[in-house]
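The chain below stands alone and is given as structure tokens, in the form predicted alone.
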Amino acid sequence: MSDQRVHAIWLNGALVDARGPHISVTDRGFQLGDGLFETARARRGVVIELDEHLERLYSGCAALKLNIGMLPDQLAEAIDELLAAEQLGGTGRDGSPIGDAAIRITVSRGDVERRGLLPPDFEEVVATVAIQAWPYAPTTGEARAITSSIRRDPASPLAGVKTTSRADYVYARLEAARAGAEEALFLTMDGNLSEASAANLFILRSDQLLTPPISAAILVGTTRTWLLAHAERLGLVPMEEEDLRPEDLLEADEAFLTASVAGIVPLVEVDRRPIGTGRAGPRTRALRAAREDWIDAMSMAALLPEPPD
């Protein structure tokens, strides 16, 4: 039986019908891609690594001088309100389904009537803030990738800012789709591996975990940070960040991609050449399971009552 509920989004302080209309044609997010976004997992109504996501969001607002007009606690409350409205905040305590969700927070410059990249008083415009939530759909397959023709510039001050200007990433995915692949890998201007279109990149050599450094024009994801912190506990040699070449990927025992919502996804092929056995390796499968177990544990721990003073 289909879901007959009227689904909602959270927009500028209130829940509204997801079918819209929502924003003005003069909103800078629509006009110029002048904005930022974050995507995150939620389980049992608990947003995983919310502090890290909000820290990056507010850092991006400062970089682009976006007047978000909300405190982080207010944004967290807005997410809770939306999850409850979408029936995605269930804890399972009362026998109800456990809430599993994917969340997107989008912040655009806002509604600016005047033309131009920096019209007068642009910094005073209050940003448009939208939050969406969907039931979480696990990614269980393997990924094949191609090397994109687009290059990443490590010198760009926007390399680590998660903007809504995604034309390069869309083009890269189009290249992948034309080649029958699911993902596209970026190289830096000097030919080092950078990241995928929507994920960080890792390779495994025996028990050694390697990943491109921040200086390779990557966006530092929360799952990447988690692996940095937990690699040794997971039975791996402490992870190293180093410049990697495409041949390092082809010579790896295993490779995988990481993202907040997708989790840890095996990367089994690049440019029609197999990585390792050409199938998801045992280490990658174990790391994916460990990450999912950790998410479940963190969501349960967050619901425990605080101890008395």
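One-based numbering along the sequence shown. Please read these numbers as outputs of a predicted model, since none were measured by experiment.
This protein has a second form, the form predicted together with a further copy of the same chain, left out of what is shown; the following refers to that one.
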In the predicted complex, does each of 228, 252 and 286 have a heavy atom within 4.5 Å of a further copy of the same chain?
no
Since only the chain is shown here, I'm wondering whether residue 25 would be in contact with a further copy of the same chain in the predicted complex (any heavy atom pair within 4.5 Å).
yes
Taking the shortest heavy atom distance, is residue 295 within 4.5 Å of a further copy of the same chain in the predicted complex?
no
Taking any heavy atom pair closer than or equal to 4.5 Å as contact, tell me whether residue 157 reaches a further copy of the same chain in the predicted complex.
yes
Is residue 15 part of the interface with a further copy of the same chain in the predicted complex - any heavy atom within 4.5 Å?
no
Heavy atom within 4.5 Å of a further copy of the same chain in the predicted complex - the one residue of 211, 132, 192, 139 that qualifies:
132
a further copy of the same chain: the contacting residue among 177, 234, 84, 71 in the predicted complex [heavy atom, 4.5 Å]
177
Tell me, please, which stretch of 202-210, 74-82, 159-167, 217-225 lies within 4.5 angstroms of a further copy of the same chain in the predicted complex when heavy atoms are compared?
159-167
Going through 108-138 from first to last, which residues have a non-hydrogen atom within 4.5 Å of a further copy of the same chain in the predicted complex?
108, 109, 113, 115, 117, 118, 119, 128, 130, 132, 134, 136
Are residue 122 and residue 115 closer or farther apart at their Cα atoms in the predicted complex than shown, with the shift being 3 Å or more?
farther
With a change of at least 3 Å, which way does the C-alpha separation between residue 122 and residue 31 go in the predicted complex: closer or farther?
farther
